[in-house]
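First comes one chain, alone, set out as structure tokens in the form predicted alone.
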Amino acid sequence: MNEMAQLQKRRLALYGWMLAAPALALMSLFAFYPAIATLWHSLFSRGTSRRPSVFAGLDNYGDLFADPTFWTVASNNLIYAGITIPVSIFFALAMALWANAHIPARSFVRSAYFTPTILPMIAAANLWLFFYTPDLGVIDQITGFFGAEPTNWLGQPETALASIIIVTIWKESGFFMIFYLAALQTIPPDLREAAHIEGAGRWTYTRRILLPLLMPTTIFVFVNAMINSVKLIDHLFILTKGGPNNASKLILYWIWEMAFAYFDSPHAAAMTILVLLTLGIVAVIQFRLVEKRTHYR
């Protein structure tokens, strides 16, 4: 009997590995191998036709930490992520609650909220470029009615990053709303009726029942928003190109700039590894702390 049981376990294990093999192959090809190759490349110096690349250890990482641009870009990305993530999630939840309510023209409201999401990134950036155009743009035309002077929203350090943040929130809120809307439609209406019978108000129902049930969706949306916060590049190409004076330059754009504009792929690889490490640390903290307070149904 023990031999039969062991054989059965081996068959189940083999069956499990066979099921996981396609996913493991794809992950190895498109995730694990590129990450390892990038790490290895970051340990070598920049090579030229006259001076070949040599092993440099952690020198590329030291160069990044000593570069003032690194700290400027890192602080820009922290500000960008610190604003876009919570604000996009807040607006997405608010829009989902409204779109899920019994209101007139509910289908139109849902479509209007989701429309920015289906626009291509380049098209959306060009649309906002028209909005931000000094003196001729829609924003300056509106503020001009109130006597405000024309503003170069994308051309001055004080407003360039904020302008990019507004575009991102406008673009992502509708996308995240879809996930909240789908989650809201899975919550039984009996819970609201039971809470109403118990005397719970709308705020109490939202805080004590609705938000905890939406926590798995919030975690999923948060992870996506965090990833999006370090991979923005399309809007920057059209709107600011990281300027003025690096005021709106973000991590992925700087990596592209180092690799393909300055042909400094080792430092770009080192920056990529730092981004992966940061995302990994945040993911571990999230799943260790937040997951414990999450209720799955």
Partner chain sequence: MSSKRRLPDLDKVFDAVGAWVLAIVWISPLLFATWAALQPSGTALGMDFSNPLTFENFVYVWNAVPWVGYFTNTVVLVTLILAGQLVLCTLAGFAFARFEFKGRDTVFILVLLQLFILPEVLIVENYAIVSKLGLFDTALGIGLPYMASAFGIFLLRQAFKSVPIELEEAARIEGCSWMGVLWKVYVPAAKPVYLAYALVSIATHWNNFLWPLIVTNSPDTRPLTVGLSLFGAPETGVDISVISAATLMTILPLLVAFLIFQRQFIQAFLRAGIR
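In this text, rigid core is short for the largest set of C-alphas that superpose within 1.5 Å between two forms. Numbering follows the first chain given and starts at 1. For clarity, every value in this text was computed on a predicted model and none was experimentally measured.
Another form exists, predicted in complex with the partner chain; not displayed. Remarks below refer to it.
Remark: T115 counts among the residues lining the partner chain in the model of the complex, judged by a heavy atom distance of 4.5 Å or less. At the 4.5 Å threshold, heavy atoms of S45 stay clear of the partner chain in the model of the complex, well away from it. At a distance threshold of 4.5 angstroms between non-hydrogen atoms, N224 is in contact with the partner chain in the model of the complex. Contact check for T143: every heavy atom lies farther than 4.5 Å from the partner chain in the model of the complex.
In summary, among the residues A74, I89, L127, I165, the only one with a non-hydrogen atom within 4.5 Å of the partner chain in the model of the complex is L127. Along 7-31, residues L12, A13, Y15, G16, W17, L19, A20, P22, A23, L24, L26, M27, L29, F30, A31 each place a heavy atom within 4.5 Å of the partner chain in the model of the complex. Taking the rigid core as fixed, one finds a CA shift for L24 of 2 Å or more between the shown form and the other one. The Cα position of L12 differs by 2 Å or more between the shown form and the other one after fitting on the rigid core. The Cα position of L191 differs by 2 Å or more between the shown form and the other one after fitting on the rigid core.
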